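Shown next as structure tokens: one chain only, the form predicted on its own.
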Amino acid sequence: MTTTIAVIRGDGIGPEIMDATLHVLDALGAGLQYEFVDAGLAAHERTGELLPQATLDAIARHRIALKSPLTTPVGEGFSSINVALRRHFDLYANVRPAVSFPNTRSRFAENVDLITVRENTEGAYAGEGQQVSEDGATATLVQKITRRGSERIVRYAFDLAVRTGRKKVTVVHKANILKSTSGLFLKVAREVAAHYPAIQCNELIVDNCCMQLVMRPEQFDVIVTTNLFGDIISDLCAGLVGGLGLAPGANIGADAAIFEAVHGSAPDIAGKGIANPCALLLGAAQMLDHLQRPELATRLREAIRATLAAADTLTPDLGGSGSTQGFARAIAARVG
């Protein structure tokens, strides 16, 4: 079975890690064809637009995109191209696994295996209603949480737990202080949880959650939370397992899904051939799961783990002296 996906090669180190990832996917025999489209600085240089209509059309047509990091220029266009993509396609679920791998610079080498499910379209992170007073002394924004948005993200988290055999969902909130917005989110989460009696539901205030993650990350399974809290918590979780170089992300909606590395475009090392491709490769594994090819996703993750364990082609951020393509070739050799 052949599937065509939209591919955004990205900016900075994006093209390097995308080439590495596609090399591994081809070696895996994933049966994928690629339509290459532009966004970010690369698109702006070619078309004068940061997010061309042709790119949006390709994602809508194929319903799947694999995306390298993008650079949003300061002072023009969107505040964030990633946020613009999420809004355009209503990609309401941001799914970020954090898993311990060998030979990473991590304080938790073996006991982290959790997923953060972040509401992706509303809340404070959406940046609605931002205003600064004329005298520059006061800034405000609107934090809007809806029943619909809360229900669908919490339901997604519980369905994910059922689908992947996980046992617990932790609802993270600040309802003790933000009684209207976090209060509504927590109220809806409790209503949804009642429909999943086989899944344990736990509730944590966000500050306590952060402390517990640092002290005992093994207690967590699936975390579900609002947009801004999820942005912070998911990066914290990446820090538990060695950093953003090992952090993939999926942005999933009813009609489209975009899979990515969540780190930035790292222009300081672009073109040097030393970027770590693991985050995008793990994002590709999420994509294969989404395409209902779990056996291929498992083979890809196992090959990444084996290559990290071998430690002979690690990139500098992982403590080695290997190259992006050398690391990718080592993974490709193990996916068969």
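Because the structure is predicted, anything quoted here is derived from the model rather than measured. All residue numbers are counted from 1 along the displayed sequence.
The same protein has a further form, the form predicted together with a small molecule, not shown here; the description that follows concerns it.
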| query | finding |
| --- | --- |
| Heavy atom within 4.5 Å of the small molecule in the predicted bound form - the one residue of S265, Q143, T104, T170 that qualifies | S265 |
| Heavy atom within 4.5 Å of the small molecule in the predicted bound form - residue from T181, S100, T71, T121 | T71 |
| Full three-residue contact with the small molecule in the predicted bound form, heavy atom 4.5 Å, for R9, L282 and L288 | no |
| Any non-hydrogen atom of A157 within 4.5 angstroms of the small molecule in the predicted bound form | no |
| The small molecule contact at L28 in the predicted bound form, heavy atom, 4.5 Å | no |
| I269 within 4.5 Å of the small molecule in the predicted bound form, heavy atoms | yes |
| Any non-hydrogen atom of N276 within 4.5 angstroms of the small molecule in the predicted bound form | yes |
| Stretch from 253 to 261, 113 to 121, 91 to 99, 162 to 170 whose residues place a heavy atom within 4.5 Å of the small molecule in the predicted bound form | 253 to 261 |
